[in-house]
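Only one chain comes next, encoded as structure tokens, the form predicted on its own.
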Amino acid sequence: METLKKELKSIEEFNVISDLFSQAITGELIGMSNFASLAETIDDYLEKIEAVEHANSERMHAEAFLGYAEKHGLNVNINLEGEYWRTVREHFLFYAKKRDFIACLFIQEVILESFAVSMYRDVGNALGGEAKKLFLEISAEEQEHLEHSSDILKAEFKKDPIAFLAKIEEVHFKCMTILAQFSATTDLRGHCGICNGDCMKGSLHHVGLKIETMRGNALALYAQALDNIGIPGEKSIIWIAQLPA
């Protein structure tokens, strides 16, 4: 079978697609680990089962991306210790060790899934073909995770709005700051440890993407998710505006 590398117009296109898949696979493996850790924060057995099912879903996503990469001979680099993904995982584990289910749920099913749903959609539409089908299918499944959290967080908000807002604001600035740095036009924390060579953000134009557009779409979906939970717009808009760019 002819590899994707032979079919593409340039080595630049091959490299950026390899990096996109590397980021997606690493992100899914972090999500898998987070959902597995989330199960340990839950007492309700049905919610515990669902967290494990979500962990398995992330595993299958990672395997699907890996299967495509292997089929097409992509040069993937999977690094769970990369600067951005490792830091997000560390923040998640901080709350998991405290058995803070709400903080963990917000990190995984609102912050991370907002970026996954939106960016997978953008990447799929840009790449087309088999890759488009794969990215859009996984984006739709991640959308279910994002929606799953809404009712739980909305109910928690109603119990004690002041305490809830204080917690979500803290988690937002700890974790969404990392993704904002990751999606800025330049790597604000240095090299991600995943891209082959220089940061892929400078090469996205080779596949018809722009990091500014991808970031904007992801933050718009995140803002919508906050609105669905019931976070007042006058707060969420300030939270998002204060993120590094």
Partner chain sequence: MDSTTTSLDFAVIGHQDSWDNIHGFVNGLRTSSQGELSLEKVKSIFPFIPPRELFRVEVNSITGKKINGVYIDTFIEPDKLDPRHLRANISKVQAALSTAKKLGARIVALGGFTSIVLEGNLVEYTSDETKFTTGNTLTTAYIVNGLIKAANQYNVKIEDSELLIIGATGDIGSACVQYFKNKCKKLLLCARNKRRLHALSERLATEGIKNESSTSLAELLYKADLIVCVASSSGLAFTKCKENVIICDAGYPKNLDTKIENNYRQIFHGGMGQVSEGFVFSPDYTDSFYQYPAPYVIHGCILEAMILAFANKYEAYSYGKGNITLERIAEIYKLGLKHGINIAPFYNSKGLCT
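Numbering follows the first chain given and starts at 1. Please read all numbers here as calculations on a predicted model, not as lab measurements.
If you look for the form predicted in complex with the partner chain, you will not find it shown, but the lines that follow are about it.
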query: Partner-contacting position among 71, 133, 158, 98 - heavy atom within 4.5 Å of the partner chain in the model of the complex; finding: 158
query: Contacting member of 219, 39, 204, 32, with respect to the partner chain in the model of the complex [4.5 Å, heavy atom]; finding: 219
query: Which of 208-216, 62-70, 189-197, 49-57 sits within 4.5 Å of the partner chain in the model of the complex, heavy atom basis; finding: 208-216
query: Partner contact for residue 11 in the model of the complex: the partner chain, 4.5 angstroms, heavy atom; finding: no
query: Residue 236, heavy atom within 4.5 angstroms of the partner chain in the model of the complex; finding: yes
